[in-house]
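Listed next as structure tokens is one chain, alone, in the form predicted alone.
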């Protein structure tokens, strides 16, 4: 991409454009090279304008939320990275549903539900990131997924038209939603939650939080669970039994506490993480004949 194209994009969106911005500051891994263009829209209109301008100029586009489940390549990301800001509007009730914008932190949605004595999402406590990212990945824990209580999703389709898709119209699976392939941009979601006892809901959420704190590793930057669980067991169990706990490549280490976490000890590169992932996958395959599948999303050039 030549500078004139960047300038053309800048003129079309006017503000909130940064060139060659390191993405390590925008991911929980604290790893990643620069975005050729980093753009932060202030509202949905800005978002549509930016994506439309990028398409007309032939510039690839990447959507980034809180960056909690991604590994950005050391060479960065070509084209435009659109970073969605936390909205000023908080979750709200409308016709019995909880409405929330995609860039809202998942923790804010969960607290909103607890305060209003609504149950169904408390097992997701402790999952970082945004609501949009959680829906995109169909995030979950304790055998519960965010899609279970999803009523509908608001999105921009490939034609940049505002569309509402009901739960039954959306393909969800374990750590999968059709949005990973459709190219649609999630704008918001609605959840159908059940009335419950606030004391019990809060107690469950606190128990989940306590259990996760005891088992998971957050003392160093990381992206949460690196691999998806195979159908009949847990990825962390396989990784541990394959002797990978504490294994290190450069500044990246398999957590000594939770084997399905890879930690950035301070100077890890994306190349370190990928090499470590490859070693883990091979060792687990050699021992159990099971090939682990990454859960984290790779952004940028890893060829």
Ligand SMILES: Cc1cc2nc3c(=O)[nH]c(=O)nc-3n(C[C@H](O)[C@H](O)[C@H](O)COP(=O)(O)OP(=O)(O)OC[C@H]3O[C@@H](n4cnc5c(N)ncnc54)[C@H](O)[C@@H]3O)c2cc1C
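Residue numbers count along the first chain shown, from 1. Please read all numbers here as calculations on a predicted model, not as lab measurements.
Not on display, but discussed next: the form predicted in complex with the ligand.
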property	result
Proximity to the ligand in the predicted complex (heavy atom, within 4.5 Å), stretch among 161-169, 88-96, 111-119, 210-218	210-218
All of 24, 73 and 271 with a heavy atom within 4.5 Å of the ligand in the predicted complex	no
Residue 63, heavy atom within 4.5 angstroms of the ligand in the predicted complex	yes
is_contact(residue 261, the ligand) in the predicted complex, heavy atom dist at most 4.5 Å	yes
Heavy atom of residue 175 within 4.5 Å of the ligand in the predicted complex	yes
Contact flag, residue 67 vs the ligand in the predicted complex, heavy atom cut 4.5 Å	yes
Contact assignment for the ligand in the predicted complex, among 196, 140, 230, 79, heavy atom within 4.5 Å	140
Members of 117-153 lying within 4.5 angstroms of the ligand, judged by heavy atom, in the predicted complex	126, 127, 128, 129, 130, 132, 133, 134, 136, 137, 139, 140, 141
